[in-house]
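One chain follows as structure tokens, the form predicted on its own.
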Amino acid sequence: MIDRPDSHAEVTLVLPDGATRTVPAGTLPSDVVRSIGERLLLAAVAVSVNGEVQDLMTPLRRGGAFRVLTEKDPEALAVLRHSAAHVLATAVRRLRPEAKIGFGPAIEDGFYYDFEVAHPFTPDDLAAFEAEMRKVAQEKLPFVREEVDTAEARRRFVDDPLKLERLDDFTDPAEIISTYTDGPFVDLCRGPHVPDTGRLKHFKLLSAAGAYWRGDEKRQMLQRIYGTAFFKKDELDAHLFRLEEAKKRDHRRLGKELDLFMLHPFSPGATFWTERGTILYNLLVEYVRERQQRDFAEIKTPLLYNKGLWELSGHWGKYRENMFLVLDAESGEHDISLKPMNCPSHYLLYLSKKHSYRELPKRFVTFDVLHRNEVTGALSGLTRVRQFAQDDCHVFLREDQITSEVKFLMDFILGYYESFGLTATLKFATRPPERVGDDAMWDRAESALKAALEATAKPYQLKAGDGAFYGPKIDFDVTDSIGRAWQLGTIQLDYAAPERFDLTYTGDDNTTHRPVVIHRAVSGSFERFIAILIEHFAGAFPTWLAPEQVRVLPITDDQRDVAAKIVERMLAAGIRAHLDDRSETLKYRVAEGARMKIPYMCVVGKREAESDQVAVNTRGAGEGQKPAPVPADRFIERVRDETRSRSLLLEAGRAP
């Protein structure tokens, strides 16, 4: 053990009911909890001291608000998952003692642990590790915490080069080095952990994948095992169900099956949209354009700029490695780039004219293509690409207009999500550690944006330190149909850009004033938003968004001409209809249309042909339900109504 004297002889803890406990510095939280009640100690997972979570084995070094965390507290779940990662490492070391151990943190939906091994882990390996984890949990091994000096730590981890490298980071003599032991397995870790391995009951190992050591692609490849853990079995079961549902909805698989897009190694990170996918893409753009046509000014700006613009904006020094640079034939230097964002080009357009206070707010919106040089390993379907387009807007406004503008933009964004059946939660993000501008500017910006947000009376969560480098922001986290959250829209308040670009307007006092800039995005990028919509709807788009709304199927060649004329009437009415007169059986063609998730299939037999009707097979109606004959004109009008209203439901209120 290492002796770490504390300058304070005592610490005072304030309990949730206002009562206090004064204890010697270095007292274990478990002793404090025991003094409150033995039953509470049995239920305790960890404690929170002034908002910082620590386990029951870490000595108390400071006082403040003291709260006992049980399974009911959200913060306790990360403690359980971090402990699960430790138990995973214990299991791997038991079965594969040669494995070198890296790190094992809790993450949003679970945990992972990195190992250096000679060969990748197989599904059989994961099954064996999970079985061994259950044995470790059943043994109810206590997590024993020790604080050691660097020399002792190096002795303990002499055979673990990854841990020895981590010890090189401990350069501050005052920094505490701690180890945790369960049985014979020892890990270099700062915690926190649950009291013993028996607390881990409901968990699952999910997958293994390669991961570079410390995220550096120049370092060795490790094997990362992902898992998840919950306090309750039904919560684990629900999570595993969502994961299975997510696999079925994976936009990469559905994108291929529904013939929407493809990706190709000749153009990594860029999307090839098929005819059907292009229809879907254009429908979204047209919808956004329609909603913005009255209050926004759509513009287009160049894709290529020399470095002068990026030096002025500050991106050349901080963001250049993420930009696609182009060789300038005259200078022989790579000092031209494809634009990775629209903001600076919008500032140039604003600067091209003089502006009066009467014009503001002035909203520039664009759908220009952007390029960012993402590393190949980070590319993922449509959600992480190199080429994309945003429904990107920059608002130039007076400072006294911030509150009303934020409300306007927020209503616009939330209304957009609601039209797709998506719900959103709001996050208020404040100044990050790395930022431009002084504290006075940030105080002003944060105060203004927070006041505007609170004026909407909508609930929000604080994301301290997560703002943009130039200003605070409101982020919109959207929840899809299976409960997953996606960060999409944003409203960012920027006082820095107007100063950097010398943006001005003439006020009502006939003098020059500085505007404020708001950066606004709704979809994020169309590529990523389409990926979310594919998974949200599981590829079964509502009628207005479906690339093919109706497929007409004549039963025999005798009805082909009548069916073709019905299709022509549908096309004339603006319906995206297609005639399927292949020689395949009707059953096969209906099944094919169902696989393509077409909202309506209209069968035309002898009776329908003679009476100008269609037998409508509605997606989701279920097997065995007989298609209902409907007059063709009435059906056409029904589809037109669903399209005009952008209904999320199909005929008879049936979900898509």
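Note that the coordinates shown come from a computational prediction; the quantities given were computed from them, not determined experimentally. Numbers for residues come from their place in the sequence shown, where the first is 1.
Omitted here: the form predicted together with the RNA. The next part is about that form.
The shortest heavy atom separation between residue 212 and the RNA in the predicted complex is within 4.5 Å. Using a 4.5 angstroms threshold between heavy atoms, residue 591 counts as touching the RNA in the predicted complex. Among residues of the shown chain, residue 555 is one whose heavy atoms approach the RNA to within 4.5 Å in the predicted complex.
Although the partner is absent from this view, residue 201 stays clear of the RNA in the predicted complex, with no non-hydrogen atom inside 4.5 angstroms. Checked against the RNA in the predicted complex, the candidates 223, 401, 313, 549 yield a single residue with a heavy atom inside 4.5 Å, and that residue is 223. Residue in contact with the RNA in the predicted complex (any heavy atom within 4.5 Å), chosen from 363, 276, 372, 239: 372.
Checking 278-286, 419-427, 224-232, 144-152 against the RNA in the predicted complex, the stretch whose residues place heavy atoms within 4.5 Å of it is 224-232.
Contacts of stretch 374-390 with the RNA in the predicted complex, defined by any heavy atom lying within 4.5 Å, are made by 374, 375, 376, 377, 378, 379, 380, 381, 383, 384, 385, 388, 390, listed in sequence order.
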